[in-house]
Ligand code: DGL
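Consider the single chain below, provided in C-alpha cells and representing the form predicted on its own.
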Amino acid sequence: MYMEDKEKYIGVMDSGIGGLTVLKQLLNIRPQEKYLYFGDTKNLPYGEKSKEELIKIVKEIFDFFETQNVKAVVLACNTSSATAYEELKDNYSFKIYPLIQVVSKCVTLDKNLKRIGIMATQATVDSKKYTQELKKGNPDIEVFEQACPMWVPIIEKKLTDYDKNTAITQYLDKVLEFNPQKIILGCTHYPYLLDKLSQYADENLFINPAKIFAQYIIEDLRHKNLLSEQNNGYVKYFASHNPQEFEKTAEIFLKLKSHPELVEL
C-alpha cells in the first residue's frame, strides 16, 4: 500500500447532522485521521425521497468525494445505505462502508438474538434492507420494522414543544408489542431521543449503531493497511445548503472545530 493512500481523507456523508454521531465515534477511536464530513442539508430529509432520487443524490456526493482524494467513504446514513449503496458500490476506487449492511453483520454475530426491532425512516423501512441483511447473518431471526417519520424533523429543528405520547409512543408501542430482545435505532439522528425513549423502555434495549459501525470501519482500514501513520488529524465540514444553520444545528451531536463550507452539487 502506498504511503500517500494511507494519508488520504476518510469521507463521511449524511443528509444532515445525524451522521455526526458516527463521526464522533470515529474521532474517539481514531482522532489522528483526516476526515471530510458532508451534510446534504439541501436534500434533507432523505427518508421521504424515492430510490431513484436518492441514487442520483448519493452519486453526486460520491463524485464530490472523488475530487477530494478520499481513501474511504462512510455512508453514515441508513436511508442511503438501504437505497443507493448496491447501485453505486462498484463505480468508485475508494472503499465504501454502508451503515445497515455493516451493523447487521455485527449484530448477528450474537446468535442469541432472535427478535430484533428496527425504528427508521420511511425509505429505510420500505426498502426492508435491515430485514434482508439481518437474515443474511441469521436466517432464523425475526425482524419488525417501524417507520418514525416525525422524529428527524423534531431533532433537526430542536423542537421541545411536541406531544411525546404522539411523537414517541405511537411508534415505540408498536415495536414493543413485537417483544424484541433489541431495538436498532435505524437512523443516525435517533440516539438524540434516547432519554425520551428510555422513559418508556429499558435504555439497554436500544442499539445505537454508531459505535459498532465506527469500530468496524477502523478495524477494516487497519486490516487493509490504510490507517494514517501521521498524527495531524482534523475534520473539514461541507454543507450543500446554509452552512451556518448546519453548524448551529450540529451542536446537538458535535461541537464543530471549524466552519463548514458551502458546496453546491
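Residue indices: 1-based, along the sequence shown. Bear in mind that the values here come from a model prediction, so they are computed numbers and not experimental data.
From this point on, the text means the form predicted together with ligand DGL, which you will not see here.
| field | ligand DGL in the model of the complex: contacting segment from 87 to 95, 102 to 110, 166 to 174, 74 to 82, heavy atom within 4.5 Å | value | Of the options given, it is 74 to 82.
| request: Would you please decide whether residue 47 lies within 4.5 angstroms of ligand DGL in the model of the complex, comparing each non-hydrogen atom pair? | output: Because a heavy atom of residue 47 falls inside 4.5 Å of ligand DGL in the model of the complex, the answer is yes.
| message | Taking ligand DGL as it sits in the model of the complex, is residue 118 near enough to touch it, meaning that at least one heavy atom pair lies within 4.5 angstroms? | response | Residue-level check for residue 118: no, no contact with ligand DGL.
| query | Does the 4.5 Å heavy atom contact test between residue 183 and ligand DGL in the model of the complex come out positive? | reply | Contact check for residue 183: no, nothing within 4.5 Å of ligand DGL in the model of the complex.
| said: Against ligand DGL in the model of the complex, would residue 134 count as a contact residue? Criterion: heavy atoms within 4.5 Å. | reply: Residue-level check for residue 134: no, no contact with ligand DGL.
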